[in-house]
Ligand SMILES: CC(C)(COP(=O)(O)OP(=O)(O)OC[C@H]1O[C@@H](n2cnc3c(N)ncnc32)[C@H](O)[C@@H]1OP(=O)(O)O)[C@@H](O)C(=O)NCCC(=O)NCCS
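In the form predicted alone, a lone chain appears below as structure tokens.
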Amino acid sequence: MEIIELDPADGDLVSGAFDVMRAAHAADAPEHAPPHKGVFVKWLAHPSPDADETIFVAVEGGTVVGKLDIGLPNRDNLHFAGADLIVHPDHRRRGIGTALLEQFIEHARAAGRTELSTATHMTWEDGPERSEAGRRFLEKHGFKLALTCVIRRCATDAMSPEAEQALLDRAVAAAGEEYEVISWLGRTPAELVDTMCRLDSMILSEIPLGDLELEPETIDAELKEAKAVRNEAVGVIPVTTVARHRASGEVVANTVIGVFDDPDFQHGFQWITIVDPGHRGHRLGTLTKVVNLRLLREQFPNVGTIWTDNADVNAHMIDINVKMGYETVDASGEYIRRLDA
């Protein structure tokens, strides 16, 4: 078995890596949205603007049997390294995962990173049972649980029309006349870029991070443009609704659902929902999420299910999601290991 850095131009290795993803999905979490090969291939060809990404594959007898994605933030949080490690179900318990994890640790240490993070599936409440093998594997290698995120899904028509309208009416009444709601598809309108950068830069200071030691990111217009260019190249369309404070002109609430430009793909992904702390208490989170849901249904009728995850301690956002019809599936445990500087 050898570990090779994946060249996005090597079609055979790329296909092999995707086969590992597909097999792991079927074995580990078949209820989740399936991986999309077209998006995966284009994602490899268009690197992230704010992280140095390296993918390694474990190859045995010409067959890809494991995959390791490593992301090193290159603007903020330069102490951090994140990874996604997958071994084909037919080739587990043979040391492949250990070899890939050692590759991650070596790669991160060489880059001067001291906090390493990776995740594994977890059973949650009465959802489908998940294997404990991932947890045991990580703990064996010195990783400790830092954050638990509960994964939920929601049918786009989960609420009855009457219940949805009532939820929206209450949010509109709580918001009053101080805010206007603005929606769009794709990249941010030019006149809103600066205020959206301000709000985006608040995300890591406002969401629960557990024991992860991450500092707020600085999002500027250049980075926002680079991310928009990558989304378009990869085939990812952000569906966005915001609330703008009329008096100041600042965007103070934002929610985004990511969808693929494949009309046959039936899944969307709830990304961030954030409300500026100075404007909480006006149900702006609920307001933007319901309006955005309606926009999604109108523009992407192929999408029937939305996926989201929230830290298990994020009671307020969980409450909003439950009211909108989100149901628990399972959880993801984020595990960390700290290296000596």
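Every value quoted in this text rests on a predicted model; they were computed, and no experiment measured them. Throughout, we count residues from 1 along the sequence that is shown.
Just so it is clear, the following notes concern the form predicted in complex with the named molecule, a form of the same protein that is not shown.
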Only one of 210-218, 160-168, 243-251, 78-86 has residues with a heavy atom within 4.5 Å of the named molecule in the model of the complex, and that stretch is 78-86
| query | Does the named molecule come within 4.5 Å of any heavy atom of residue 205 in the model of the complex? | reply | no
(request) Please check if residue 95 has a heavy atom lying within 4.5 Å of any heavy atom of the named molecule in the model of the complex. (result) yes
* With a 4.5 Å heavy atom cut-off, would you call residue 235 a contact of the named molecule in the model of the complex? -> no
Is residue 138 close to the named molecule in the model of the complex, meaning a heavy atom pair under 4.5 Å apart or at it?
-> yes
Check your understanding: Taking 10, 44 and 57 as the candidate spot, are all three within 4.5 angstroms of the named molecule in the model of the complex by heavy atoms?
Key -> no
Students should find that, of 71, 134, 127, 258, the residue having a non-hydrogen atom no more than 4.5 angstroms from the named molecule in the model of the complex is 134
Assert contact residue (the named molecule, in the model of the complex, non-hydrogen atom within 4.5 Å, options 196, 181, 119, 223) equals 119
Within 20-44, the residues having any heavy atom within 4.5 Å of the named molecule in the model of the complex are 28
